[in-house]
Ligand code: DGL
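Read the single chain below, which is given as structure tokens and is the form predicted alone.
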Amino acid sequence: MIGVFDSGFGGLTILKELKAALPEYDFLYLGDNARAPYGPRSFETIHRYTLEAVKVLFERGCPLVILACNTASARALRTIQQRELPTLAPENRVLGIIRPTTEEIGFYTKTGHIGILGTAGTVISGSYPLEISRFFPQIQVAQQACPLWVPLIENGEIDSPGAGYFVQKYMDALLSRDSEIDTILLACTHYPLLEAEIRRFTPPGIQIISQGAIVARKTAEYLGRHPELDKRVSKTGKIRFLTTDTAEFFKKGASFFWNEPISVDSLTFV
């Protein structure tokens, strides 16, 4: 199976697009719900948690693991790829969602000014400005951390007056940094669920970009370039779910992201 990892539920927005792009492939989703959110945590903690999750997915037969979490991609992916993977499982691959997004995002803007909305961990890492500059050095990037958006989403408060207040607060802060922004990237996999509210406080002419479709398309292209890896992935159209919390907790939270019945198993990191 293709392993898909997130600190909680947000990666389900990536998984949904992966399923649409690769319907015949099998996926195993792992949400570290018991230790979410990752955004405020230290580099060392995020790396340790992410590595534990990657090991679990490798042990369960996933030759390819996608970190469907911007915070984990920003703060753990490179170290895992360079330091642990060569000895842990050199024939396997771990991919993130920042690189494929930044390879494409520059094609969306006409003014050359992009806004990034993400968790504190993603923004502090500086990963998006750095990666975007590698592919599109002429583009100006402004960032805004939105630490209260994930709790609002995971507690089912996206339609509450409080959600509108905090969406407007962070949107105003981002747009005050650069009046020429014409493209805003939702650099957290939870944020697509707030897209209607975000658009309500976004001036006309500014486009809102989610990552899911981009990541799914780039994953399909990656598998096409690596047939030796593609052959190791089962293709029966099945999806399984794992959580570090209880199955009941996961099913309740996942209902905001996933519109189909799911069967989920619970596990505990030792």
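The first residue of the shown sequence is 1; numbering continues from there. Just so we're clear, the structure is a prediction, and the values are computed from it rather than from any experiment.
Omitted here: the form predicted together with this ligand. The next part is about that form.
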Would you mind picking out the stretch of 77-85, 115-123, 194-202, 177-185 that comes within 4.5 angstroms of this ligand in the predicted bound form, counting non-hydrogen atoms?
115-123
State yes or no: in the predicted bound form, is some non-hydrogen atom of residue 150 no more than 4.5 angstroms from a non-hydrogen atom of this ligand?
yes
Examine residue 241 and determine whether its closest non-hydrogen atom to this ligand in the predicted bound form is within 4.5 angstroms.
no
Would you classify residue 39 as touching this ligand in the predicted bound form, given a 4.5 Å non-hydrogen atom cut-off?
yes
Taking heavy atoms and a 4.5 Å limit, what residues of 55-76 are near this ligand in the predicted bound form?
69, 70, 71
